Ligand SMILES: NC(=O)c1ccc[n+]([C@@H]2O[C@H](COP(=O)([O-])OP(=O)(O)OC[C@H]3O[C@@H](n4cnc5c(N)ncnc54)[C@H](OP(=O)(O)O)[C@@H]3O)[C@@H](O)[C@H]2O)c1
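As structure tokens, one chain now follows by itself in the form predicted on its own.
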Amino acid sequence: MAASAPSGVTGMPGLKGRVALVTGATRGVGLAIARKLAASGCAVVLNHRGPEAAAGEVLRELSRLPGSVETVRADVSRPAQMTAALRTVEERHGRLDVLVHNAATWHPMPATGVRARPLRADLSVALAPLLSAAPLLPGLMPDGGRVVAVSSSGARSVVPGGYVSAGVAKAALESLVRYLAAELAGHRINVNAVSTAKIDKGPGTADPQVLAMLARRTPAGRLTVPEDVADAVALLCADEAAWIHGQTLVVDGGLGLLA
């Protein structure tokens, strides 16, 4: 019998009152992470770069949860805008406890025909937010904090369908996580990543036949959903994860274990 996807959302004990900024937070995995943190009692700042109306719908949805939710509009691939978003959080809350970097882009192309401009764009979205934030984090997190980046299996394995640009960007992101973890550990700031394979985002997810095939191959009995990633992010933000630095936690139901 296949395992069922999680329904509803429950909070993570111990996160109540923490201030969190989530990039790319108004849809998909980012929204699931924001929902999980808000359910845990965090004050969640949702970053987005799209229309305010769409963000408003998300705010209304999450407003029923125990934590507070608000938005900050910024293109976090631009260092000045990422810095401004962090300063906005500081002005509103006086500090930051959790930074989740989820924003990503993907420009399909073959490895034998890489286009420089879209490759640079994908790299910029992957790296610029953390590179911009890093010098500010010791001041924003004077009592320590958590940084979690969202990666994918394409950082280590070849994903068919022209994934090379995103895969290279995610590989660079995981490397950056390790370097930042080493340099920020002395400030009691943990930097880690979560990684997953193909995610089932619901009826609108492309390639239903591929999804079904991957679900059959997954040892745990189903494909990963955004809530699985959100749960892993919350785990890395817990007090009990204080001694985990520079790691990439794979959240895929065991799919990556198979040859």
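No experiment lies behind these values; they were computed from the predicted model shown. The first residue of the sequence shown is number 1, and the count goes up from there.
Not on display, but discussed next: the form predicted together with this ligand.
Proximity to this ligand in the model of the complex, defined as a heavy atom within 4.5 Å, holds among Leu137, Val147, Ala74, Leu86 only for Ala74. Val29 is the sole member of Leu46, Val233, Val29, Ala38 with a non-hydrogen atom within 4.5 Å of this ligand in the model of the complex. The stretch in contact with this ligand in the model of the complex, judged by heavy atoms within 4.5 Å, is 149-157, chosen from 149-157, 87-95, 185-193, 110-118. Among residues of the shown chain, Arg222 is not one whose heavy atoms approach this ligand to within 4.5 Å in the model of the complex. Contact annotation: Leu180 falls outside 4.5 Å of this ligand in the model of the complex, judged by heavy atom distances. Not displayed here, this ligand is kept clear of Gly202 by more than 4.5 Å at the level of heavy atoms in the model of the complex. The shortest heavy atom separation between Ser165 and this ligand in the model of the complex exceeds 4.5 Å. Within 4.5 angstroms of this ligand in the model of the complex, the stretch 113-134 places a non-hydrogen atom from Val125 alone.
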